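The form predicted on its own is given below as one chain in structure tokens.
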Amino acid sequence: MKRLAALVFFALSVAVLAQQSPEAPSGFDNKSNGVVDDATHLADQGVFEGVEQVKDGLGPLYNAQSCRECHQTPTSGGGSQVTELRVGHPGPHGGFQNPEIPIAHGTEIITGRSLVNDRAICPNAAFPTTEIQERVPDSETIQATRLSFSLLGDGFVEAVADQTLIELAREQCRKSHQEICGQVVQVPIVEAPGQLGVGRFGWKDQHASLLSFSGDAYLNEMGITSRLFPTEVTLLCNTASEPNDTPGPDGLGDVDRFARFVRATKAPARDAELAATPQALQGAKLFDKIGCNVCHVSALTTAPAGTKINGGTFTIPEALGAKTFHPYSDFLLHDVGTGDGTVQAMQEHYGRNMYQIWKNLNVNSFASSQNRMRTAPLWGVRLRPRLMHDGASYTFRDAIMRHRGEAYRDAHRFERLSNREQEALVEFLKSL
């Protein structure tokens, strides 16, 4: 009981400190949070929603033709029901190993990535006999799906100082006597070769920078190469010149505009009417009381404006600096019993033939994340009919009860609440 009280006090202390800074703007109105003017934000949104064609460099292997295809609820940049497939197999000592997937009747083997693309651009008129569709071999016994998550408000997430997340993990572990220890992963910043940052984007915290994240998704989800990821997954059926993403008249490529669009999105807004009801207010107290707020941290504060982040490549603007936002996440990796058994693929996420970018990585920290997943941010969760990283939970109760490992005690405390108290906590979640 003392341990729970200490954890609750720690979580509340984080929230109180965060409340001393101005609130981040929130809403779903498609307007800028102030990083750029509304006209620029709308133009960037148009690029984010743009549909890629084969002539643009789409594929050869891909999952979607547009960013919006996977990030669209309730508006562009939000989440969706779309999942991606990742596979692999156990290595000699039980660790995760990336798959080897034959394409083109076995004449080429796709390696260096755990992602399996669902779509391909051929066979087609130009390549009538070339078949490159990926299929999972029987050897790949580790299989996992990951739900597309919301990007709204992620400019504020990017602007949180690395040290804030490091201290949060340290305090969690100390206050819980090693029972709840969020894992910090130092990951390469692709646009700043040789520089590392605290991962916070992706289900495995594989990126610290929104520009790195955008370049990764452009290549691996849509097959579009860029200056950050210039090498195709396969050259079969490929006719577009490389890199596919080239700077426009303003000197910015699509990946730059994707990142700028996300940085300028407002934080997901709460249902203010529901949040003010007695039942939801009681549920908020119960959420804290049983310990959910230890990992689902209610409030964080960004670094001051003018702070250089992402290896010195980005300076936090006034619109993002020293702002408090309410993600209900610590953005750390935790073992809550739902880990998918995969590990971040170096070449997939940080580039092929770019050893200088990730040579200083602590590979052991990646390996130890095999059964850990990033704490799912709960802001905007009321708008998601599918929950958890795999989208396999359809009710809040089921999602809560699936928590095991580090969160076992919290799930047990929820189970011991009265029906009325459980309903109040769920009502609180419906307000987020």
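Numbering starts at 1 and follows the sequence shown. Keep in mind it's a predicted model, so treat the numbers as computed, not measured.
One more form of this protein, predicted together with a small molecule, exists but is not displayed; see below.
The stretch among 268-276, 298-306, 206-214, 127-135 whose residues place heavy atoms within 4.5 Å of the small molecule in the predicted complex is 206-214. The small molecule is not drawn, but in the predicted complex it has a heavy atom within 4.5 Å of N63. Though the partner is left out of this view, H403 does reach within 4.5 Å of the small molecule in the predicted complex, counting heavy atoms only.
In the predicted complex, no heavy atom of E191 sits within 4.5 Å of the small molecule. Residue contact with the small molecule in the predicted complex: F396 places a heavy atom within 4.5 Å of it.
Only one of R113, H71, R260, K175 lies close to the small molecule in the predicted complex, with a heavy atom inside 4.5 Å, and it is H71. The listed set L168, V198, A144, I290 contains one residue whose heavy atoms approach the small molecule in the predicted complex to within 4.5 Å, identified as I290. Heavy atoms of no residue among F229, A345 and Q370 are located within 4.5 Å of the small molecule in the predicted complex.
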